[in-house]
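One chain comes next, on its own, written as structure tokens: the form predicted alone.
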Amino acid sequence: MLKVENVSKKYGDFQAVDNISFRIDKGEIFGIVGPNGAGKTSIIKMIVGLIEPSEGEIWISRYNIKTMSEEAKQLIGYLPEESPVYEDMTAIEYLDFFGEIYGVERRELKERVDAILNDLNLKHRNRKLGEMSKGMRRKVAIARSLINNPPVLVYDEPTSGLDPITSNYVMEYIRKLKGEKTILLTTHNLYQAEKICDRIMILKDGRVVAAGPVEEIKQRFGGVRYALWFRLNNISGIDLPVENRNGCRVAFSSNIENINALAREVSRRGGEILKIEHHTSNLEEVFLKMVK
């Protein structure tokens, strides 16, 4: 549904995006994550046709964004990180205005506006946008991106600057669009990316450092850490690192055989095994490991 082939972008001598390729299949949620300056927004702007690649090709369905820009853009609903609204308009007026720009038939437009605002739980729809909270304005901007019923959604930091409750609501709403829409998003919230994305791409300095299904990336670049909680007075001769916590001892290892061997040794010495825990790296831990 969306294909990026060998795309690069230079601003003068600065290489913002360096030979990146990926594709997003129909109905998939694909996330791009990376530190500030990694090239995320440049990629987004090239995909929606705001800037041209220095090299490479971008396709939305069968339309090349460079040679068939108008046809490609009709398929995209775009939400930039900063999305100003016309503050003197109400939500209804604002969405009607954009619906007319897209040529949506009047009766269909009214039904669509009502449905989208209900789905987003956006109340006070007749209040002027300048009087709304940032979270409510963000919901209106999302509604605008959906007004022409595009099959592809491109969202740049959709929860930027929102409080945790509104942020979670917006991401859950995006997750519910999965299957119905093909979604590309950037985000700094790794917890949210891990929760809703089918696949992700991690960028650093304009280059891809990892890409693939979220669970695959966690297993490939992360790991499992085991912890054995026990009680034992004499721990001399124990090779694993041991900490004292809440009156107990805790030993750590990434190898379960080492933990099992220690458990046998604790039992042999007359100690008490309390529990064995394991921790799998989450996406944020993998991300920090790869971009530092």
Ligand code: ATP
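Given the structure is predicted, the values throughout are model-derived calculations rather than measurements. Each residue number is its position in the shown sequence, starting from 1.
Below, we refer to the form predicted in complex with adenosine-5'-triphosphate (ATP), which is not included among the displayed structures.
- For the options K195, K128, R112, H188, the residue carrying a heavy atom within 4.5 angstroms of adenosine-5'-triphosphate (ATP) in the predicted complex is H188.
- Here is the short version: of G49, P35, G27, G56, the single residue with a heavy atom within 4.5 Å of adenosine-5'-triphosphate (ATP) in the predicted complex is P35.
- The chain is drawn here without adenosine-5'-triphosphate (ATP); in the predicted complex, the stretch among 38 to 46, 257 to 265, 57 to 65, 238 to 246 whose residues come within 4.5 Å of it by any heavy atom is 38 to 46.
- Proximity of L283 to adenosine-5'-triphosphate (ATP) in the predicted complex falls outside the 4.5 Å heavy atom cutoff.
- The shortest heavy atom separation between I20 and adenosine-5'-triphosphate (ATP) in the predicted complex exceeds 4.5 Å.
- Proximity of E81 to adenosine-5'-triphosphate (ATP) in the predicted complex: non-hydrogen atoms within 4.5 Å are present.
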